[in-house]
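Shown here is one chain on its own, the form predicted alone, set out as structure tokens.
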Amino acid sequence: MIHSSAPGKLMLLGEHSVVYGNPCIATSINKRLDVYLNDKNEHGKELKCTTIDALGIKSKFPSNFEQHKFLNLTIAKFFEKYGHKNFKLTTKPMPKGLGSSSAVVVAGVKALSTLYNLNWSNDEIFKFSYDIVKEGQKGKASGYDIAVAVYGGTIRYENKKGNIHIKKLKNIRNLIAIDTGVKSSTTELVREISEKMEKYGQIFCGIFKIINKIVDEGEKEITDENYKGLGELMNINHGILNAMGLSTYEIENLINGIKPYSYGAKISGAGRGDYIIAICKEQSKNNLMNYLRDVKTEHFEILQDKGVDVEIY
């Protein structure tokens, strides 16, 4: 049995801007997607078919391709490059909005590369996984979510015309993930911003330059462990995202409600739903948690987790 896992992610600074080759800062979270791969049955004999139980739905590969798009594409790439193998692959999913698509690719690549005895480094895992996601998203993937799943921790990521720079930063204390209770479509929102970019090109270039500066300053504040300063930058970044049409009345109410307990809070991801990320004041963490419980809002403290990992047993 091969058991691999990769962490989910949340964006700290740089949403949407990163799609256009600009830097962002993102962090892994202490929620992981697990992949279990077995090429033997209970009697120790090789399996005669490939069965996927991806994201809780069973199917025979390669049927139901859309449902298991990235996982099926990952398996197809291994079959194409390294030959067909028979195995059973099962995943234990994570909640939507936390980078499950990137995590399932990275964990799947780690498990399959182990099965094929390829002994890949993390850099090789990243390249193979990123190529899969680019194909699945028709070339529009920035790759930051893949980088977080592979390397873990808090990273600064930039992909300038294929020149990728990944820098590990210090882990950050007192980050809280807050579920808005609304599921949003990253693909649709990225398309919407792309259309606005075409219509208002100069304005959006100016916006992205400001976000670049926010990312640069954010890296400094993380290095100095100045969480008040980091929170102020998060608030500015959120204000820009709101101006881009990516917030909602409900999200603004939620952010305003936690202001007394936090240095800063913002949308994390494409917007209009999924998760908010907040950095709370050290002395106010319990009060923030109590407030979120009182308003019946799902949340968890973010502990930056390690990158992709594998066990064989």
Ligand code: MEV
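Counting begins at 1, following the sequence as shown. Bear in mind the structure is a predicted one, so any value in this text is a computation, not a measurement.
The same protein has a further form, the form predicted in complex with the named molecule, not shown here; the description that follows concerns it.
Using a 4.5 Å heavy atom cutoff, H16, V19 and Y144 all lie near the named molecule in the predicted bound form.
Comment: 265-273 is the region of 284-292, 265-273, 249-257, 27-35 lying near the named molecule in the predicted bound form, near meaning a non-hydrogen atom within 4.5 Å. For the candidate set T186, S194, T114, N171, a heavy atom within 4.5 Å of the named molecule in the predicted bound form is found for exactly one residue, namely T186. This chain is displayed alone, yet in the predicted bound form one of I164, L73, L118, V190 has a heavy atom within 4.5 Å of the named molecule; that residue is V190.
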